[in-house]
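One chain follows as structure tokens, the form predicted alone.
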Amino acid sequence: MSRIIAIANQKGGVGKTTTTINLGIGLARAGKKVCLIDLDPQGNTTQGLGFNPDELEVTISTVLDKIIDKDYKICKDYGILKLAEGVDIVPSNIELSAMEMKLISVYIGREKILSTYLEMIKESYDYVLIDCKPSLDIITLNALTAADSVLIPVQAQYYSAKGLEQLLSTITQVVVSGLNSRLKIDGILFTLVNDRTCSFKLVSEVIREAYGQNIHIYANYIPRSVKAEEAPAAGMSIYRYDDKGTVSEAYVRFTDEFLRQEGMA
């Protein structure tokens, strides 16, 4: 049974793309079939896996455009790129910015365009991971409507903690409104952590006290690392770029914890 997971936080720079790539490849290394959906016009997931977004003829925008026009004859592999590291990706580029206006112009079902597409491909995968853009707009709403659950990367800083409330409110509205009554929260993952600082300890305690009773907070966290910041520029996952480093080892542990929570490890 396929699982669709939106990796979301309206605050930028919290490790959404890094988590999408490295959790996805971590799951593939565990034998799962994985597809990544780059739903950010910046195309960071696309670039982080070695593609030039400006050179791609078919992206998620092309696919969504065909769904809006009710062109359902596209084959299941249309626009999907396959990587040597064992995951597939539906790439993105700046054209996705224009798609927001087109989605707004759709009179009925504008929030379910992505869901319509994912229904066509999801049975080919164990996991579909959606890298959401850092805002709560109609494109991100499409991701939340399509997803079974949300994984929330959070940098353990004061402003990141403040931004959680708005995202959780949006998730609640998606559920209560009936757009996606099955939507759950997988958990909160602390990223870009310097565990020697007081701020990480203080903010993580605040988040655990505020949300820990109702939302799973992963025991493993992702440390800050120069290697992790260099890997996307090299077009590689952290496993290829620095396979013995602290961040690659952290993502191995996090993937194991994620699968245990899923009951699969």
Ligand SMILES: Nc1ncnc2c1ncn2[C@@H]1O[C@H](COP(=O)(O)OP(=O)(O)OP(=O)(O)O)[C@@H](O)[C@H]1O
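Sequential numbering from 1, following the sequence displayed. Fair warning: this is a prediction, and the values are worked out from it, not measured in the lab.
Below, we refer to the form predicted together with this ligand, which is not included among the displayed structures.
With the partner omitted here, the stretch from 34-42, 209-217, 196-204, 52-60 that lies within 4.5 Å of this ligand by heavy atoms in the predicted complex is 34-42. In the predicted complex, this ligand sits within 4.5 Å of a heavy atom belonging to Pro223.
Shown alone here, Glu229 lies within 4.5 Å of this ligand in the predicted complex, counting heavy atoms only. In the predicted complex, at least one heavy atom of Val14 sits within 4.5 Å of a heavy atom of this ligand.
This ligand is not shown here, and in the predicted complex it never comes within 4.5 Å of any heavy atom of Gly109.
For a residue to qualify, one of its non-hydrogen atoms must sit within 4.5 Å of this ligand in the predicted complex; all three of Pro134, Leu192 and Val247 qualify.
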